[in-house]
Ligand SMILES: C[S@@+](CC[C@H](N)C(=O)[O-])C[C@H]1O[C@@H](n2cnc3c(N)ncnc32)[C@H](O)[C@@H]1O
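First comes one chain, alone, set out as structure tokens in the form predicted on its own.
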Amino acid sequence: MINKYDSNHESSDREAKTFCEFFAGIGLVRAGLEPSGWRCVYANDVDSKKKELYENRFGCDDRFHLGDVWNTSEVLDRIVDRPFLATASFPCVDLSPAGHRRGFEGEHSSTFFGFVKILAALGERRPKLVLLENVTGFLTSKNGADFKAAIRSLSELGYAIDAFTLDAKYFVPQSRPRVFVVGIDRDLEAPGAIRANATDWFGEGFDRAIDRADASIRPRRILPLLRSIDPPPELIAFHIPKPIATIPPLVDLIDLDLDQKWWDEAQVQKHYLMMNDKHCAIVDRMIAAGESFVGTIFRRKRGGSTRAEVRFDGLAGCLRTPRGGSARQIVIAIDRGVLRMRWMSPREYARLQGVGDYPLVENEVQNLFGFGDAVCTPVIRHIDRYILTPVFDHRSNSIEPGLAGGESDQRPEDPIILA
């Protein structure tokens, strides 16, 4: 089956900056890659409601494949030529501490191996770059066995591996740490990166590259995990600087006008009484002093009781899908002695994922599910800026001097869209 979108694909004598987006959801990986010239030639997901949001944003064409990634032949029929990059934000349900912790034995997260099967079946058309994204629980699931199994499977396909973490809080006021794995074809040059292999586990250059990195990006627990894999994979360390960004204050992303669906006094009082004594005291002091404050609340089970836990650090909690009341975030606002609360809106979810202008659909819960399951777009742009596009440009012999990734090459991040 020929993808209509590919009828104008570049000639085979010139490599195209194309990618496939597996487990695409509502397409926020694509939203992060397109500004630098990446072109999506295939997208996949099993959720028809996410497909509706995706096509509402990117338009309807043959690129989005609503189907199971395990249907290998069906997927292969839709991928034309050789994409340079494949991304996979595979389901986190079985890996997350908030989920079932079944790991790769669970039916959701195990679909990662459906993706691996596709890569293997592509043969000579296998992408030269792979980018995985998941929750930090990916590192600890089954005491690290699931992470090691994933790395081993990519290594067996011929990829050298890098793994690191990035938190959305460096770009937007949302706490959202995620693990990223980059696989690069062993024969592909990587500008500014340091390699280590089975015969050079403790090469000084490689270790320095790891040790000099910010601990928030290269947590010390990752390297021992990688080095405990048997057989050992080839490792590579890209230069990934800590983001430099002007992060908008949370208050700028929250709508405070009276047209919002603010709760009545009884609902506010109910959640006030769910707070612990310390949080109540802080709120009481702010009200008495006539201070202004905007924050968020999560409802959590603590000691058999439901607690309303307020964040006072200027960050929203990690956005989640609205499965049950505890998973949906609450806005708390104090203005001239008045305490207000309400559910966070889909538009605010979009802003906290860096895409405030994303077109919404009418169904509020559908929007919340889409954004709660998505990737923070500015994080993808950062990875693209320092890894993906430099590798592609170097391959295409069109890299500009100085873009390979030294400390002095870091530039301020692009601003997020607050619409």
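No experiment lies behind these values; they were computed from the predicted model shown. In this text, residue numbers run from 1 along the sequence as written.
There is also a form predicted in complex with the ligand; it is not shown, and the following applies to it.
Comparing 33-41, 387-395, 373-381, 359-367 against the ligand in the predicted complex, the single stretch with non-hydrogen atoms within 4.5 angstroms of it is 373-381. Proximity to the ligand in the predicted complex, defined as a heavy atom within 4.5 Å, singles out one entry of G295, P243, P91, P233, which is P91. Contact between E52 and the ligand in the predicted complex is not found at the 4.5 Å heavy atom cutoff. Using a 4.5 angstroms threshold between heavy atoms, T111 counts as touching the ligand in the predicted complex.
Proximity of C20 to the ligand in the predicted complex: non-hydrogen atoms within 4.5 Å are absent; the residue sits far from the partner. For the chain shown alone, D62 is not a contact residue for the ligand in the predicted complex, no non-hydrogen atom being within 4.5 angstroms.
Shown here without the ligand, the chain has F23, A24, G25, I26, G27, L28, V29 in 17-39 lying with a heavy atom within 4.5 Å of that partner in the predicted complex.
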